[in-house]
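Just the one chain here, the form predicted alone, laid out as structure tokens.
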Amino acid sequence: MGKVAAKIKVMPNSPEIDLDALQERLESSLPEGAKINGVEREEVAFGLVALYPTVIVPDGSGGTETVEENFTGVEGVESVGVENVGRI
């Protein structure tokens, strides 16, 4: 079974949020078998910075749905959306 890489846009709920702490909370929320393979940051507007973690998940495990649900439940997250998905 292969793996899937997904670039996910995570919007924090405030520009004052500690992005390093948010990134750690995202990593700790990952389901078993998933891992983050790098995180990009992009300023969106008015000091608000979006995180773009690239998440590697096993193919056939429901895709990125579990990761998205877990990220949505993390404290400080306003929204989560998949930007790009591909098999590796």
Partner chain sequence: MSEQHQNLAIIGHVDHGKSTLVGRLLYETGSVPEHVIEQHREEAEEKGKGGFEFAYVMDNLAEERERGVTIDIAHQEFSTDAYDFTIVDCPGHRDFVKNMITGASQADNAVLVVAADDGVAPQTQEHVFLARTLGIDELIIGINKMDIVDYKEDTYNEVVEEVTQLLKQVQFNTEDASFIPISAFEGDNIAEASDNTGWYDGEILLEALNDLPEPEPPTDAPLRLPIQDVYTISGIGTVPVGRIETGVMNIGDNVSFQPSDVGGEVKTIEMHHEEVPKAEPGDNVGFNVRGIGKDDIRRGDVCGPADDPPSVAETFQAQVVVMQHPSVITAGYTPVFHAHTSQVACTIESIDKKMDPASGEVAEENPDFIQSGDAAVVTIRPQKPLSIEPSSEIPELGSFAIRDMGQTIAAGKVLEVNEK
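Positions refer to the first chain, counted from 1. Because the structure is predicted, anything quoted here is derived from the model rather than measured.
What follows is about the form predicted together with the partner chain, which we do not show.
Heavy atoms of V57 reach within 4.5 Å of the partner chain in the predicted complex, making it an interface residue. Contact between N37 and the partner chain in the predicted complex is found at the 4.5 Å heavy atom cutoff. Under a 4.5 angstroms non-hydrogen atom cutoff, the partner chain in the predicted complex lacks L19 among its neighbouring residues.
The closest non-hydrogen atom of E24 lies beyond 4.5 Å of the partner chain in the predicted complex. Residues N13, S14, P15 are the members of 13-30 with a non-hydrogen atom no more than 4.5 angstroms from the partner chain in the predicted complex.
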